[in-house]
Each structure stands twice: as C-alpha cells, then as structure tokens.
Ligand code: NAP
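Given as structure tokens, the chain that follows is alone and in the form predicted on its own.
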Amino acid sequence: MVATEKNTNKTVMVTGATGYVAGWIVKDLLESGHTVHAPVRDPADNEKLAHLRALAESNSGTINFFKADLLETGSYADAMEGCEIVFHTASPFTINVKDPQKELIDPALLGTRNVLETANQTKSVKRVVLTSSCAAIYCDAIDCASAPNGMLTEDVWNTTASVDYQPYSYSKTLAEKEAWKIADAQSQWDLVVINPSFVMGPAIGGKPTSESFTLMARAGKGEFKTGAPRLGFGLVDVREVADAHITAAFTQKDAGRHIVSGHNTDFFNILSALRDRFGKDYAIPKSAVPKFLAWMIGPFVGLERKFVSRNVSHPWKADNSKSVNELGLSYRPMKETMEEMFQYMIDAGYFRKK
C-alpha cells in the first residue's frame, strides 16, 4: 500500500466504509495513524463492522462510526465535522436490478449530491476524493474504437448509457457529472476523481456485495466451465484503487479525473489466469465461447444481445499513464490479482471443489 503522510493525524471521512474498495482505503488510513469517521447505516451492527474495528485495534489510527444514509439530506453532517478530507466511495455496484432508478441511479446521484452539499457546509473540508468508474467514461467496449487514437482517456465521457441500457454505467456518469457541477460552483475544496476499471482482488473481510464477487462466485461454481465469452473490459487490483485514493487525498497535485486500470483484457483471459493454480479442483474454462454463440444464449444467462454485440470480441483499451505519472501507481500482474481473489473466496466459503 502507498503510505499516507507520516507523523500526521488528519481526520478524514470515508463513506461506504464497509465496502470493497473502502475497506482497503480505511486499512491504509488506520495504518498511517489517521482518525477515520465512518458514516454507516447502523453503527450498532457489530457483525458488519467487526473487521473495521479489528483493523483499528491493531493499528495506530482510530475509527469512529456515525449513523447516516445516502438519501437522507444532511445525515453526513456529524460525521464530516472536523474532517479535512472526504472520501466518497459509497455507491451500489450491481448489474441485475429490478428498478434501476431506485436501486442504482438515486443512490449514486442523490447520494453524491447529499455528500458534496454537506462538504459545502463543512468549513474544515479541503479536498474530496470521489470514487467514480471507467463506466462514466465508456458504455461499451466498442466505444474504444471511436476514442482518440482508439484508446479511452480522461477527456472521454459515456454518452450512450441510459436508465434502460447499462443503468449502472448511467448512474456513475450522472453522479460524476453532478460532482463536477457542485465542485465547480465553489472554491472551498477541490475534487479529485478516481475512475477504476473492473475491480478485482481480495477483500479486507466478509463477503462483499460488489458485482466483482458475484461474477467470480458464478465462475467458481462452474457456470462458465464450457467456455467464457471474450467480453472486453479493463481490470485493476483493488489495492491499487485504494492506493490511488490515498495518493489523491494527500498530495498537492491538481484535481481532475484519473483512469485507474492495470490491464486491457477480457473475461476469458481473466478466468484463464486461474487455470494453473485452480484448474485441477475448479471448473475453470479452457476455451472461449464464440461470439455468435454468446449472442444466441445471451438472454438466457442475463446478457442483452445488444450488450453482447457491442462488448464481446471488441478490444478494450484505456490510457492509464496519468495514474502512473501523477499518482505514482504501479500495477501488479493480473495473475496475482486473480489468484489472490479466488483464494480469498475459497477461504470465505463462496464455493467448493468440483
């Protein structure tokens, strides 16, 4: 992990502290001696908060829990009081939803507005680090071909997602645009945005609700044993995403967006990275599903045919040079990320050997 400022005990707030990415951010902050304010739905939920309390007990930093809700205006005021830095990571990451407006768009958009308007009213806040996504930059892998030089950059925005198509991507796009609108209308604090690609790697504790774990649980249970589609996307280790947030918070470099992605890859390739270590005991696919077959069976496995057409067999490419040059990131091998995530899931009881 990237170290934060040494011999400095800053008070910071982390929304969504029980989440997948946030857990690693909190870990680094506590290791460096900071005081973390963690707004959560239920501060009395000892089971859900146990891994964070354990981190605080074994490190020099401290953590304090506050009751708050993304959709309750002003509910972050107490947690934010006295904080110089706000990490806003809280936003649902799930694909299969019944009501995209209620389950994705409202929490992302209204939650961001709630947190940042509270920052406007909290004089101690000097910087906000927002967890956005590459989903706010592109909608489908085919979009990469029309990006500058065939590669996504921080200047590109997602223009084709909607509440009816790719609603998660739409929610991240709306939320980030709202963040920039609020940030540009004031001068008290500056905004740094982290745009990760698909986040993988082990968790700090428990069973995260992130779509990353949902997808890998399906793989571990053998759902793709006969083959996986070459669904193009970027991949990044969760620990590098946390590093990016920490560096963005504690350096004086200017605001802006930062693509944080270690590998231009596809779904078949990431599962193939597991074969050497786990292929004997788990049903890791040995071949890719042809696009025409993925298109035919897509609706039966939860994939729209439009999505298959625009994402399968389309190379995903993004320029991560800003994250390397300005945030000092170095990206670990994809094989290491995937093996450590899969082992974590085995240990946590997600699936059994075949």
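All values derive from a computational prediction rather than experimental measurement. From 1 onward, residues are counted along the sequence shown.
Below: the form predicted in complex with the named molecule, not depicted.
Only one listed stretch (261 to 269, 138 to 146, 193 to 201, 223 to 231) carries heavy atoms within 4.5 Å of the named molecule in the predicted bound form, and that stretch is 193 to 201. Taking E326, E304, D69, E31 one by one, only a single residue has any non-hydrogen atom within 4.5 Å of the named molecule in the predicted bound form, and it is D69. The named molecule is not drawn, but in the predicted bound form it has a heavy atom within 4.5 Å of V21. In the predicted bound form, P92 approaches the named molecule with a heavy atom inside 4.5 Å. Using a 4.5 Å cutoff between non-hydrogen atoms, T173 does not count as a contact of the named molecule in the predicted bound form. With a 4.5 Å cutoff on heavy atoms, H51 does not count as touching the named molecule in the predicted bound form; it lies far away.
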